[in-house]
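Two forms of a single protein chain come next, each set out by itself as structure tokens; they are called structure 1 and structure 2.
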Structure 1
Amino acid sequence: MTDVATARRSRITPEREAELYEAVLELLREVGYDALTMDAIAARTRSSKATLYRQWGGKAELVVRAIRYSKPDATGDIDTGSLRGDLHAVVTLEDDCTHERNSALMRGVAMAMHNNPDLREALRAQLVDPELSDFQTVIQRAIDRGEVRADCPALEFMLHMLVGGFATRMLLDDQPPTQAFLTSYIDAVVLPALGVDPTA
């Protein structure tokens, strides 16, 4: 599937591909997934709808590729020597402007995920599972260093804690999730839940 998609996309330049993804993300933040049409994407990017379908197969694939394109790939490479350092590094990989745009993006797809099984499966396979696997690398190193117990019950809720703090910031406080908010939340909630003293 990935190879076919890559082969299909190879007909356009990387610059053009980036431009297309930016436009898709922009529309997604503006109107959400359900109201996003291939017509609107074609119009904004001055492409033909036929080209979009030929290169990406459909809306769900195009949207997930665009979201994936926008994410830094570096979580798995982070290794600062402490769990606190690693988690702070994760939330400072992206600047506040990007955090705010990602927060809008998440609102744009959260409702649609439930009603579109194809979107849900693509997001899980291409975003949630890789993210989880990157966090498992970070966590395994913390366990190996003796910072976190391997049987700590909070471990199975790593993404719930982190994504939850990110997703509820705007909902509850009417403010975007900034680096400052996310690092405070990690120190106050995530590390203590894992049995790690953030002041140590």
Structure 2
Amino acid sequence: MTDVATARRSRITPEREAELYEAVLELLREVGYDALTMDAIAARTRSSKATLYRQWGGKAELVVRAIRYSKPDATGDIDTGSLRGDLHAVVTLEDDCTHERNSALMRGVAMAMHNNPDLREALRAQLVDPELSDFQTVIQRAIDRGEVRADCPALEFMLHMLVGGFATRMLLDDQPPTQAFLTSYIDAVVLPALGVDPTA
């Protein structure tokens, strides 16, 4: 399925694809997932609806691809020599303005996915699974360095902890997640849970 989708998308230029993804994200921020229509995307991007369906199959795939496009793609490649350094580096891949926009975007999409199985499936395949794989690479390096025990019970919840801190910042504090907040959260919550001394 992914190979077919990639082949379909290869018919448009990378520049056109980037332009289209940016427009989809703009619309998503303006109206939310449920009110977003392929007609509106077609009008905003000066595309035919038939072309959009041919390239992406439907709204869920197009929206998730656009979100994936907007995210930095280097988490698994980060290797600073320590888990603390790696996690802090992940946080600094995006500036505070981007963190704030992405937080609002993901809140809206997370609410919508409860009633949209196709969106949930696309999110899992295109965002969640790749991020899990990237973080497993980061964690495996930490295990290999002897920073984290391979049998640490908190390991399977690391991504839950990171996403939780990011997602609940606005809910609990009425403030967007910032680099300062996220790095402090990593030092105070995530690293101690993994048995890592953030001051070492």
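For clarity, every value in this text was computed on a predicted model and none was experimentally measured. Rigid core: the largest C-alpha set superposing within 1.5 Å between the two forms. Structure 1 provides the reference sequence; residues are numbered from 1 along it.
Asker: Give me a 1 or a 2 for the form predicted on its own.
Answerer: That would be structure 2.
Asker: Following rigid core alignment, is the displacement of the Ala43 C-alpha between the two structures equal to or greater than 2 angstroms?
Answerer: After core superposition, the displacement of the Ala43 C-alpha between the two structures reaches the 2 Å mark, so yes.
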